[in-house]
Ligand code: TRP
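Shown below, as structure tokens, is a lone chain in the form predicted on its own; questions about how it binds or moves come after it.
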Amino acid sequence: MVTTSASPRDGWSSRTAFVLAAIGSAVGLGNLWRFPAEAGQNGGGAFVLFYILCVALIGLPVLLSETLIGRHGQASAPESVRRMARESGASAHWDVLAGMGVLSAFMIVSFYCVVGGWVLYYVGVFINDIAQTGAGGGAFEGRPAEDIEALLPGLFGNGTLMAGLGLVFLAITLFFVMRGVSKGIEWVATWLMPAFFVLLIAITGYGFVTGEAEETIAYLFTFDFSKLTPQVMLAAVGQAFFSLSLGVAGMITYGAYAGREVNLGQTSAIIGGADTAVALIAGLCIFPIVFAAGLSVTAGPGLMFQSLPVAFQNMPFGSVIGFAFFMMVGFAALTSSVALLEVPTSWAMERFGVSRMVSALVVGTGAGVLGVLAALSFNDLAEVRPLAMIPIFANANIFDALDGVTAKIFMPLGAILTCVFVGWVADPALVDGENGIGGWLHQTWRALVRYVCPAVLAVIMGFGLFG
């Protein structure tokens, strides 16, 4: 149990629990949904290689920076920053970087749970299909591909169903956050992450046996550098950043529950490596199935929710595989949504001196209201443009506005400020005492945090706003 100097504080029961929880925070829809879509749209191997490079040079330095702030502060994200700032003789107002992260996490979890509701919908669809047609054949027997592809638009048109499923997913998330770190969040990580990895490997193996394995390997790992355009490089940098869930104060919050015996440098490398491995395996899982069905890998966001269900139609045990696949996606989505909701919950507990249950309920209620509005933005509130006065968001509905503000402004700006704070403002003695690395590796990390990461993140932010 981790403690502060003032009072007992709930924490991870072991280093393994912390690692699994942190991996669960990072591994989510960004790996399973966004990575294959980005790789498919950006030329395969060239994107993959540059993505791995970006994780090492951009993602890991920022990840370690966030985690060490939390472990040093042993408090909610804003208070952890304030403590390190005060001990460094700097202004406590640097807590704005964590404040943006708290707000980002709250906004993201509201619409993230809407997407989690989509996953629940497809789990139900495959359960119904197994009940009707049995488990042995392909999914959706006798139904044309157009009908299967129309499932998602049909869900979008039903505001009540989509809002309800989003609230169910949020309620599941809220249940585990209310139980606390060791009894709730840690339980999710230690049980669901292993289950997730088992399902991921099993489905990938099945896809290799029944699908187009050779074509997939050639597509993902043939590095045609003529395809490494500035657009592809920017997409790879953005994927590396968003896949690790940086800029939402999640790693600051989780780091605050870590004991002093945890080597943050090694742990950050494990987290980043696992996150990258999941993204690559997700490509190896999805593309053999899609190639075997003769479908396009450039379908973008529709790859998971429209192309894959069609592909499962042509596979033995397609309904069972489809059910297992979306259960796996649901596990990953839940571990990430729990991490997102914990960020504002932890802050509210500390800021207002309320219990975890009260804090989680209030924060969860607010996220639920915002989530319902996001769900209805696909149907009943489709014409509402909440940020019409801002040119880059003029055509964004509520869902897209929440996504756009967090992804284009709050997350990259928060990460930039984190790099500036750790690299230039915080006392080097405090930083060196927390990061768990030394020698040339420490010097490389400091150079990346001071110069490379802020510059690259500024490019991401600039392109998002003006590109």
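Note that the coordinates shown come from a computational prediction; the quantities given were computed from them, not determined experimentally. From 1 onward, residues are counted along the sequence shown.
The protein also exists as the form predicted in complex with the named molecule; that form is not presented, and the subsequent description refers to it.
Contact between residue 28 and the named molecule in the model of the complex is found at the 4.5 Å heavy atom cutoff. Looking at residue 311, you'd find every heavy atom of it more than 4.5 angstroms from the named molecule in the model of the complex. The named molecule is not drawn, but in the model of the complex it has no heavy atom within 4.5 Å of residue 81.
A residue is said to contact a partner when one of its heavy atoms sits within 4.5 Å of a partner heavy atom; residue 340 meets this definition for the named molecule in the model of the complex. Taken together, 112, 245 and 336 are fully in contact with the named molecule in the model of the complex: each brings a heavy atom within 4.5 Å. Here the chain stands by itself, but in the model of the complex one stretch of 28 to 36, 437 to 445, 422 to 430, 42 to 50, 28 to 36, has heavy atoms within 4.5 Å of the named molecule. Residues are counted as partner-facing when one of their heavy atoms sits within 4.5 Å of the named molecule in the model of the complex; in 175 to 206 not one qualifies.
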